[in-house]
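Next up is one chain by itself, shown in structure tokens, the form predicted alone.
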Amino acid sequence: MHLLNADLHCHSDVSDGTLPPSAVAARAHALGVDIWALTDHDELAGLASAREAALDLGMAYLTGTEISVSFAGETVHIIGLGFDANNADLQRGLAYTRAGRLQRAHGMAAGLAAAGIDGAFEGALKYVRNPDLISRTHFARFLVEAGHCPDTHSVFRRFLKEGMPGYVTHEWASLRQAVSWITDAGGAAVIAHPARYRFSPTAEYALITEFIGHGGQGLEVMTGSHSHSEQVRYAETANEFGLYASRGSDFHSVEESRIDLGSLPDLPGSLRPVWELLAPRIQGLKSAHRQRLAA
């Protein structure tokens, strides 16, 4: 097993989490995370605070983001790790990806109003730090607050998935664009939570092979939404396609997330962990090891 506790997928209140970056870092450190990356959606604004907090705690750190991509009629998420956060093309690309969120949010609110739920846009905005990053999660929190559902998971099932009143399609970045932005900035691209996409085996094969063709190198194997059988399946997929394996909780909130930071199973030893690929980009690894040895 790969015993290093890496959590390379989580969110702060810069996108759709509920804690500020420094608090997410503190929680990750308290729960034993050795290598950490904050991966807010289509945004880098929390990275400076995340880096400072992680290194102050003696925790190893990688830059991160999660980019929304449109592929074969589905929204796919591509995680970027270990890139240069000052890369101008990456910054422009993420700004382009964020640009349509407000328009989509107004469409979601209109759909919910037609179903008898008024004030959803204003209600969702109460949970948003940056209106450019308004998301379905913010609407879900409003719908829970308003008493329409007991929790955010049931909101998605009843109101926000395809075919439901609050669902609005949106054209995100292309797979080629997202992978290129990450790799051209010196980072590694990783397909996030692959079991969440409703792809046929043929479409999933197309996603993975096109991803590799554009320079993608990683697949998230251990993540909060994967069952044990899905973890096994995507470990086999990573080996089959020669991809590095990643591990990340997809933590958003203490109250909402299925899995807490740092609490996933270890990656099987048969896999190549993505943090080995990114070793030259990891900041603070030696100090993290020293702190664990001294504990």
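Sequential numbering from 1, following the sequence displayed. This structure is a prediction, so every number in the text was calculated from the model and none was measured.
Same protein, other form: the form predicted together with a small molecule, not shown, and the subject of what follows.
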If we test each of Lys161, His106, Lys126, Arg92 for a heavy atom within 4.5 Å of the small molecule in the predicted bound form, the one that passes is Lys161
Heavy atom within 4.5 Å of the small molecule in the predicted bound form: which of Arg98, Arg196, His148, His214 fits that? Just give me the one.
Arg196
Specify the contacting stretch among 112-120, 132-140, 215-223, 181-189, defined as having any heavy atom within 4.5 Å of the small molecule in the predicted bound form.
132-140
Using a 4.5 angstroms cut-off on non-hydrogen atoms, would Asp13 count as touching the small molecule in the predicted bound form?
no
Closest heavy atom of Arg247 to the small molecule in the predicted bound form, within 4.5 Å or not?
no
Contact flag, Phe156 vs the small molecule in the predicted bound form, heavy atom cut 4.5 Å:
yes
Check His29 for me: does it contact the small molecule in the predicted bound form (non-hydrogen atoms, 4.5 angstroms)?
no
